[in-house]
Structures are given as structure tokens and as C-alpha cells.
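Single chain ahead, written as C-alpha cells, the form predicted alone.
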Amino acid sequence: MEIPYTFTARKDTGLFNSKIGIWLFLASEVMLFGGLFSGYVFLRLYADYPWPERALPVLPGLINTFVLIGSSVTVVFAWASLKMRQWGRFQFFMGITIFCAVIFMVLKGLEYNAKWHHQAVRLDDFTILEGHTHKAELDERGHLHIHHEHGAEPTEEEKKRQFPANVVVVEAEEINFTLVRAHDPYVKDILAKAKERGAVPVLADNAFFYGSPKDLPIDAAERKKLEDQLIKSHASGKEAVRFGDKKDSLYIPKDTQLTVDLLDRAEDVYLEARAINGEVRTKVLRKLWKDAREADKEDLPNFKLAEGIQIDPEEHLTGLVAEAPSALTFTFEKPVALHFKRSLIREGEGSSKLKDDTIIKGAVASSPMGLAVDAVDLRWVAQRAHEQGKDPKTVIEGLWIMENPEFKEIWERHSAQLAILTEELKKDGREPTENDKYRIDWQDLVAFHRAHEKHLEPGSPEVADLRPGMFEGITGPNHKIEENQHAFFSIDIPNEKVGFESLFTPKWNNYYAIYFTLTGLHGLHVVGGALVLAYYMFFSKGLYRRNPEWLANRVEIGGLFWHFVDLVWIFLFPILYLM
């Protein structure tokens, strides 16, 4: 049976099937993006911290705006070419549309890449620093050495040893792995770093895993005898061995070297033992419930019966359950300096924990965070000062960062420029915003450096003209330019001063969470729409020959979706880039 109105319109509505479908689909898309836009508005209005303003480079977003508007025009030209039965012109205009989509995604990729490599850190006094982490390495004594960018270019061998100066160094003496949580990449990382330091973690004590009750001697004397036999027979060996009728139990001698395979084997036996014990406990509980109900003469409710149902390990579980430790502890002959990404470890007094619950015992060594700073945001400091009834200027002057002579000079220059701006705005009855007062952007730092090079006094009107233009640093501050290396100041932040750190990813704050959500979802729509339009361009010649009107209808539907994608960006650009 032929489906009507696939390419001919209904006389009463003037619509064909797919056009009705695309309008219904776009209605659901409007609700999706409408909800996200509403969420952004509420997050911004009720934010309890200074919301990022004009945090994104405008030029890429502006170019992408014109690119999408242009592509919306060319997709209409492509559709019109099909209506006029001009296949060559259709391919030409559709090619331009797809090329515009590629340009859009390339610029968006550059923008994303800049964010994923841009570091931010909030200090314990709520000062926010933005910039680029320096490289660092551990010297022979295990001390962290930070390489600032003004030095000589490192050799290839040095680059292999270096890592971002955003780590926590622990003088590891003992490492405790939780078997079911131990993350293999973390274990491999620890082994590799220990090997670099010429150290090998070894098991702290003999470990016995009984994966089945059959392998577990019930009598304590028999059990000790079995374990002594295992220790004696493998005294010279330093590797795990299976024992038992089904080879489902494990003995790991003391001083066995740590490997990923060792932890995996121990985990397998532990999980087997836990599964057996779970089944045993379930059967025992069922038996206890059955006995309790049979003995119940008063027809008590279940919650009353439950009060008398308790498992006695000695009475109910002896000889039925297996035993296996849930964790293994490894030690070093002497403390070994190991470094971990700051986001992966929670340091503590003498004991730190990784995300997989691995516990590393040992003192936390000096682990400053080396940062080339390209922006300083003190708005949060000022906000808290207002809340506490204090003068923001006085609070700022007492901040830890003011101990840095380079920033102190920068703050003096910023204050002088702010005085000029205040006088100019007074003429129009306006005042500087919190952003103007308490945030120093990378463009400000470059302008201050250029003013210093030109021997201009702080507060000179000419300083404002020295700010980088829109085309300088199209995706943000470029730390590779020699001028910027002198304009951006370096600072080593003590470990105890770091309150929170992150790249400019959704982890940093709500603004970037919804920025990546909205632009990422929009980018997926661009890619999906471009693929559909590309299919029409490259693989629809046969349909064009058979029924050109049907192909024109399909392109019209694709064009409607493409116009929607363009419309969403027209809302995204001012909200995220300009406000």
C-alpha cells in the first residue's frame, strides 16, 4: 500500500507528511533548548558567587554567527536550485553550506581546546587565579622542581620526565589497596613512578585467601599448621600460589612485589568468597525465619519476629563461610616520593587517599602549584567582604597574593586605571561594575606591560589604547608569545593555599557546565544536520532523476532543521559571549 502525501501536499493543509513531522520535532527541540536556556537564566540570577562575565573570546563566536547565517542562505539557494532542476547549482550551494558547518566546528574545536588547557585555581581566601601551569619534575632527593617558561627550551629527555606543576607529592611509606576498588591505571601509575625512583612496593605480611569453606581448616591449630606449611614450602619464593582442591584459594608470601595481576587474582578469590558467604547467610536467615514462624504461637507481625532473629557467627556460620581479606598493604624499604594529580588525591596528615580509596601513608611533601597567571579575579573576595561588613579594599590589601611584588605593582596600575574609568563614567551618571573594579583580565596585563615598556605612568589615558585587539589571542591568552611571557607573572602557590582547582571544564563552575552542555548539544545538531545535507548532496542523484520534487521536499525539511540550528546559535552567542 502506498503512503499518501509523501511528496505531494494535502490540498486542505498544503503540507506533506515529512513537513508535519519536522515541525513536531522542532517543537520538541524548542522545549529542550528552552529548558536549558531557562536553567541558565535561573543559575545566573540566583548564583551565590560572582558569575563569569564576557569570559569567552568574542571573535570566534562572532565569526560562527555570520558563518551559520550565511549557511542558512545557501541552503535555501540549494533548495531553490532543485526546484528549478539545476543539479550543479544545488551541489555548489549545498557544498558551501557543508563547508560553513566545517568552519563552525573547527572554530568551536579551537575554543574548546583552549578551555581544556586553561587552568583556574581558587585560593583559600577566595582569590581566583587563571593561567597556565608550568612544568615540573622531581629531583634526585624527591623534591619538586618547577620550570618557569623563561628558561631554556627543555630537551626531549627532560620533557619525558616533566609533568604539569599541579601535583601533590607524598613521601610514600605504605600503600593500602582496597581490592574491589583498586583502579588498574592508578596501580600502573604507582608502579611506574616507583620504578623511576628505583623502588618496588612489596607485600607487608603474608596474606591467605580462602575462597571456599572446604579450603579453610575449622580448627585454629589445623589452620595454623596449614599456613605454616605454605609459608615454609614457599619461603624462598615471592609469588602468589593457588592451593585447595579446586585451586580457588590463594597464598601470597610476604615481600611479594606488587603487580596489577596480583591484585586482580586476589580480587577474584575475595569476590568468590564474598559470594559464597552471601549465599550462606541468606540460607541461614531463611532457616531462622522458618524456625521462628513455626515456633510463633501468638501470630506476631514480622517486625516483632525480626527482633529475635540474629545470626550468631559461632553457632550458625562455623564451617560454612570462607575468609579473604578485602585489602592488601604494600610497603617500601624507605620513603619514596610519588606525585599525583591534585584532582585525584585528597591529602591528609600522614595519610592520603586516591579516588579509588587507595590509602597512601606518608608525609605530604612541599607541593606548590606553579602557575603563569593571565587573570586575577577578586570579585568573590569583595563579595564576602561586603557580606561581612568590611571594606573590600582593606581586605584585598591583606591577601596572600599581595605578597607577590609583581602583582602588587599590577594592582597599583589597575587601581590607577580604575580611577580614570570612574571619572569618565561619572559624567554619564554611571559607576564601574564589580567586574571593572575587581577583575584583571589578560588584556589588562598585556596593556600594563606595554605601558611599562613605553615608560607610561600608572593612570595614563594612553594605557587603555594598548589593550590587545579582538584579533590578538583569538581563542584566549597565548602564553607562547614572548611579550605575553613577560606580561603574565609567575607564582608558586603553596599546597595549603589551594582551595579548589580545575581546568575550564564543567567542573569549574555552573557557567562552564551549562556552556559546554548548550554549545556541545548545539554542536551535535550542527554535525547531524551537516551529515544529512551531505547525504543529499553526494548520494541523492538517483532520487533526483526519478522524482526531483521528492528530493526537493527532503532538502526543504533539512533546511528547516538547519534554520533552527542557526536560530539557537543566535540566542547562544549574546547570552554566553556578550553578557
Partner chain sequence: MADSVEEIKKAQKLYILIGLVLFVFTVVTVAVATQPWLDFGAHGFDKADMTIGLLIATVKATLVGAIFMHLNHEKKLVYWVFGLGIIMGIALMLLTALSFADPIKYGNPKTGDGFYNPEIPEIN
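From a predicted model like this one, the values you see are computed outputs, not experimental measurements. Numbering follows the first chain given and starts at 1.
This next part talks about the form predicted in complex with its partner chain, which is not shown.
Exercise for review: Let me know the one among 433, 229, 326, 91 whose heavy atoms come within 4.5 Å of its partner chain in the predicted complex, would you?
Suggested key: Here the answer is residue option 433.
Review point. Residues in which of 367 to 375, 382 to 390, 163 to 171, 442 to 450 have heavy atoms within 4.5 Å of its partner chain in the predicted complex?
Key: Stretch with heavy atoms near the partner: 382 to 390.
Practice item. Answer yes if any heavy atom of residue 532 is within 4.5 Å of a heavy atom of its partner chain in the predicted complex; otherwise answer no. Key: Result no; residue 532 lies far from its partner chain in the predicted complex.
**Study point:** Non-hydrogen atom contact residue 54 with its partner chain in the predicted complex at 4.5 angstroms
**Key:** Yes.
Exercise for review: Tell me, yes or no, whether residue 192 is in contact with its partner chain in the predicted complex, where a contact means a heavy atom of each within 4.5 Å.
Suggested key: Output for residue 192 is no: heavy atoms all beyond 4.5 Å of its partner chain.
Point to revise | Non-hydrogen atom contact residue 527 with its partner chain in the predicted complex at 4.5 angstroms | key: Judged by the heavy-atom cut-off of 4.5 Å, residue 527 is well away from its partner chain in the predicted complex.
Exercise for review: Scan 397 to 427 and write down, in order along the chain, each residue with a heavy atom lying within 4.5 Å of its partner chain in the predicted complex.
Suggested key: In sequence order, 421, 425 come within 4.5 Å of the partner.
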